[in-house]
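As structure tokens, one chain now follows by itself in the form predicted alone.
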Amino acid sequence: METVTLTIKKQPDLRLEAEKITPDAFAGKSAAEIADLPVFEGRETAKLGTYFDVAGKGGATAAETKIVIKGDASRVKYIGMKMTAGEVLIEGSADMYAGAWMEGGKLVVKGDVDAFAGTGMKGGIFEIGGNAGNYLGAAYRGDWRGMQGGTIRVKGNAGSDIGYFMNGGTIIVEGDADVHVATHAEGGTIIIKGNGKSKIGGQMVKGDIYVFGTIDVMMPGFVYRKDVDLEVDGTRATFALYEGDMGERHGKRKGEVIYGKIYQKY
């Protein structure tokens, strides 16, 4: 695997939109060709090399290309957007839309990510060492297609509205999550190892949510069914199973109604 190292040499005055920072765009290119790729600062088009020193070269394919980003990328949006293979390692933090619509490969952010990380994600592995902002793994504004596949793991806390319109894949938050988890969800799995707040599973019709800690206010549209013993992300425990959201229309499978499920650990 070939490695391309990007080292920030100039911070943008506005947020930098750099959707070309993917193994797909770097594959088969020299350092000079990568530095010549377009980025956007406000209405102005610039070159990637204006903001980053570029070292190394891309592999023959995206799968054979690794990108390492050094320095503070917290003002750089769209890193890893739509990547299909390969690896991206961000040694600091990233701005909005990191890993958005990602289809494969591995994206690792050692610091924090801002809002809409992993939005519409279809596949791959996305690991966040710090905290995640609002709308993690959610749908884009006005869209009804949230995260559809892949795995997102957050070592810290997550903001509000994670898994908004989610219908596949897995989100694991090892800390706490803010309000509105899996709103309108039609599938997928969310595991919150810390505490949840209110409005978990609102208008959810399918999918599974596991909460290891407290839930400030359980949605009135969820009904307790029974206790179940499960192993969830390596932890075996007893969970209280709630089904809902009873205020919504639900599909049927073999004559049996399919509900969204919230499992709360005792």
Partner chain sequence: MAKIVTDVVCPFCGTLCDDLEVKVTDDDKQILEVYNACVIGTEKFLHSQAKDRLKVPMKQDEEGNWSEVSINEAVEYTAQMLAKAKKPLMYGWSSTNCEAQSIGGEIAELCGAVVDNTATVCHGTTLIAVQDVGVPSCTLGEVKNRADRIIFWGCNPAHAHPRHMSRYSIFPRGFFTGKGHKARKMIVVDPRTTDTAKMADIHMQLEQGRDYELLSALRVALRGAPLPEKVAGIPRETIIDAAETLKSGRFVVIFFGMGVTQSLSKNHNIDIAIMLTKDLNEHTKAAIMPMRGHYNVTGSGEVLGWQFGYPFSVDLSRGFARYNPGDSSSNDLLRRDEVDAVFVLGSDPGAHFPISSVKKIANLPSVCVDPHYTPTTAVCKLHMPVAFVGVEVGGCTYRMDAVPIHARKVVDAPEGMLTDEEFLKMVLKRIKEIKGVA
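Keep in mind that what you see is a predicted model, and the values were worked out from it rather than measured. Numbering follows the first chain given and starts at 1.
There is another form of the same protein, the form predicted together with its partner chain; it is not shown, and what comes next is about it.
Contact stretch among 227-235, 27-35, 60-68, 43-51 - heavy atom within 4.5 Å of its partner chain in the predicted complex: Selected stretch: 43-51.
Touches its partner chain in the predicted complex: Thr214 (any heavy atom, 4.5 Å): No - in the predicted complex, heavy atoms of Thr214 and its partner chain never come within 4.5 Å of each other.
Exercise: Gly207 in contact with its partner chain in the predicted complex, heavy atom 4.5 Å: No, Gly207 stays farther than 4.5 Å from its partner chain in the predicted complex.
Touches its partner chain in the predicted complex: Val179 (any heavy atom, 4.5 Å): Residue-level check for Val179: yes, a contact with its partner chain.
Touches its partner chain in the predicted complex: Gly251 (any heavy atom, 4.5 Å): Outside the cut-off, so no.
Within 4.5 Å of its partner chain in the predicted complex: residues from 219-235 (heavy atom criterion): Going through 219-235 in order - heavy atoms within 4.5 Å of its partner chain in the predicted complex - the hits are Met219, Pro220, Gly221, Val223.
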